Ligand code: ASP
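This document starts with one chain, in the form predicted on its own, laid out as structure tokens.
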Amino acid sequence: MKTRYSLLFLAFSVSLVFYLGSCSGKKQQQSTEKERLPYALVIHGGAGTIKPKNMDAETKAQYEKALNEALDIGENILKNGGTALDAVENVIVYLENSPLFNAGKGAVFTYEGHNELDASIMDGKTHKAGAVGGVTIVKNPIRAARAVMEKSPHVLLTCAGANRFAIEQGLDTVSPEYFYTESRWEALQRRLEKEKKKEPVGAREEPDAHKFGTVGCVALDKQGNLAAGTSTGGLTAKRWNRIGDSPIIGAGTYADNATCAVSCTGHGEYFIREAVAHDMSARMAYLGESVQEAGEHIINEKLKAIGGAGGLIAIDQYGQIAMPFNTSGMYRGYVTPDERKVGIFK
């Protein structure tokens, strides 16, 4: 009898060893699969009606050059140990200074012929965030957004108060004429002409790259921290101090070290209604979806089903990247220690 029990105990012990070894192997495999990249950075310059037939080779080259230069700025910060927040802010400053994109210098005009700028930034480590809406004299709204996060007790400041806060913080301010560009002014005139003719302007139409558009950046740094930022001039011919999703935390921007960092672009009203940026994080946290699965579902199923047009960029805590969009194009790019890519069309 003792021999029988001894043999059973031996068999159990051997089985347990193999089981634990198997579990250890699986954990090791999962650990390898989930190994975090040293750093990663993703950018966008707006989504909309961007088609090869409408863009000559010279213009395409200009956009690709701008996207690559933006990636250079962010990568240099990250690979030298800089923070995700610094990378996001400085990349967006560069994009705001370019007249190619609908943010900062390249912002579109309101119905009254002004430029009203929005921006936000969020720290995935602390969940602190800052944003400005409707600023008119701040050269780089993303810097104002970060100042709100770090130097005020608030999250969102708007219009005259946000302008005044930027001045008090010593940020670069400019005359409103600084934001004038001929192409954006002409876009406004075309829009106003359509309204005069009472041509239908459907909420479900695919966004024109010059009418909508946004810039954004998400980053993962060597310390494992995530950050996200977004900046825009909003909609061409917007009225009544309209503010879209870009300065709304959880709609156009979100970052959480436990899940992902997100920046959105497109028809902002839909992104606000669906809380798109936070929804990305929630799907990853509660459903266990990957950053790619969550992004594809939100942009190409959930948002598309209600007529929302646009896209997003996202990066998870391991450096995995998603760049889904449901329009014909989105200015975009990413860089990791091993790979770099920029794109414009579908």
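Note that residue numbering begins at 1 and tracks the sequence as displayed. Remember, predicted model here, so these are calculated numbers, not experimental data.
Only in words, not in the display: the form predicted together with aspartic acid, which the text now covers.
In plain terms, the part of the chain that comes close to aspartic acid in the model of the complex, with a heavy atom within 4.5 Å, is 266-274 out of 162-170, 147-155, 266-274, 72-80. This chain lacks the partner; the member of Gly104, Gly124, Gly130, Gly234 within 4.5 angstroms of aspartic acid in the model of the complex by a non-hydrogen atom is Gly234. When aspartic acid is considered in the model of the complex, Ser246 lines it closely, a heavy atom lying within 4.5 Å.
In the model of the complex, no heavy atom of Lys222 sits within 4.5 Å of aspartic acid.
A residue is said to contact a partner when one of its heavy atoms sits within 4.5 Å of a partner heavy atom; Thr214 meets this definition for aspartic acid in the model of the complex.
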